[in-house]
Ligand code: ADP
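In structure tokens, one chain follows: the form predicted alone.
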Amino acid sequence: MAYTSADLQRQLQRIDGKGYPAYKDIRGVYMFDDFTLFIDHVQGDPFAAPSRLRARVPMSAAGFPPDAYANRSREIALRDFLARAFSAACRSFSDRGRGSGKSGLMAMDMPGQEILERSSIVITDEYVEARFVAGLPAHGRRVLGRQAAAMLCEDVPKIVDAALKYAHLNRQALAHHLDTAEDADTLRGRLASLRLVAFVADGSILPRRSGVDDRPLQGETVVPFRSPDSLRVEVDLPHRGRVSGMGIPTGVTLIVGGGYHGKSTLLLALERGVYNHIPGDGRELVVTNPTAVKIRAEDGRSVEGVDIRPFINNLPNHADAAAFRTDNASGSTSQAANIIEALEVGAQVLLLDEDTCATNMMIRDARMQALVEKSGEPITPFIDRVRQLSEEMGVSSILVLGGSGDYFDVADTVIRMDSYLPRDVTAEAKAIAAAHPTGRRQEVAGAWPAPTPRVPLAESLNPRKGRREVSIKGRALRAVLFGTEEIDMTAVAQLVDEGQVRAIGQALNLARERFMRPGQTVPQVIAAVMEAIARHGLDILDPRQTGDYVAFRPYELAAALNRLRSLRVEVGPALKTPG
């Protein structure tokens, strides 16, 4: 049953001064002049998690033209723009001086530099809906009904009016936001036909302000990106028209140069290039193949049933490398597992920085080969598999290197960063390799092994904690709290929003409940979860219709599953790599 805004105001005045649980009486649906307010959950205490609300505006009142959400790219960008507007409006009207605890808070998560699908804003042909939280005012644990009435019946309508009405938004900024996202998606979609894995537009600003501030660095010392002529590519985009920039071809690409010249800065931009960026970010037209995955060593992680034979075999303890298990992986075994797990769910581009990789997984030089013969070394370094990945499996690699010229022999493209500007030094690198042979022997023996499929067991995922059947939370970008377990996500570099971490936790439970069946392999389970989200939206993760969730990629979902220490898998006979 729906009530009026006047009913809500009377209810709040009636419970003024009563114990805080009296707020439970206002849960329901209220019709305002041009929007509907849903009070879905009322907090039980002023210090508890705030109440959950939704404001739904009919499209006839919101007034957004169909062109603003005409395709998936524009719809996601519009939702992102409105989330920013609504979050800013909430901050303007929040009054934390309205009482105890979270009293007076009104909030929606503020997006960062990336444009991502969010459950906080929903758009259909019929309506626009914002999902937010509010701390209902209290003095001690007594209801402040009159202040709550001002908050819900006066401030919320002003927020809705400012953030969800097309007529009251900056139309030029909105159009630029939508066009920027659509151009980036168009460009990313053209990479394959151009035989590129990434594109960095001329004029891009890659450096960030700090390790905790992802906004673009500013000042006279900032060097705009400029492509070397030999790698420059021009493309026509729907809104920006013709743009030029550096195209990184498929195959094996090295990014080299001295310290502090921009190698890792470029790689970080490529890592984030799987996402669209807001106008003014500096990386609006830095785009990467959407399957690109950052790989690193990760000492101490658990590994469950992973076929690491391409990199590690003939282990001295007779461990089965085709179904390798450990609770405490070394740098080399963790990096090997990270590569195989990324390939398992379809990664076509691997991004590596030698600073975060295990040295013995990257290279074994001629002197070490002479001292320790191959029969005594179970590790096949990445240098001896990288061309096989490219030529046999169609997987490209981009590597940041500062210390190993041996990779010149296996590279297709070599880019030198010099004071944040790239130079194509491929010919120089090849000439150096020819003039100074290292004498190292390639250590690959035979073809890439057919992978051993893994079937995850649903009973090994337990979201229960105490009396709660399901307890799942995110801890910033660091961890998923799944039942009594903490899944360490600190090494999963391409997570950019806390809402992704929360969503991944819920997606693991969805996989456990619906898709982990006998015979269903890890990539099949991950694909089923992603298809369900694509079909039904992020709301499939949680029946409560909250604004807590942000879209994620299958690679980060698989990373969380693989880092769940309780995970158990069945391994089967080798299968051919899916085409």
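So that there is no doubt, residue numbering starts at 1 and follows the sequence shown. Just so it is clear, the model here is predicted, and its values are computed rather than measured.
We do not show the form predicted in complex with the named molecule, though everything after this point is about it.
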| item | value |
| --- | --- |
| The single option of 358, 429, 217, 237 touching the named molecule in the model of the complex, heavy atom within 4.5 Å | 217 |
| Residue (of 262, 245, 381, 135) lying close to the named molecule in the model of the complex, criterion heavy atoms within 4.5 Å | 262 |
| Per-stretch contact check against the named molecule in the model of the complex, the hit in 327-335, 195-203, 222-230, 372-380 (non-hydrogen atom, 4.5 angstroms) | 222-230 |
| Heavy atom of residue 311 within 4.5 Å of the named molecule in the model of the complex | no |
| Residue 207 within 4.5 Å of the named molecule in the model of the complex, heavy atoms | yes |
| Non-hydrogen atom contact residue 420 with the named molecule in the model of the complex at 4.5 angstroms | yes |
| The named molecule contact in the model of the complex: residue 300, any heavy atom under 4.5 Å | no |
| Heavy atom contacts to the named molecule in the model of the complex at 4.5 Å, residues of 169-195 in sequence order | none |
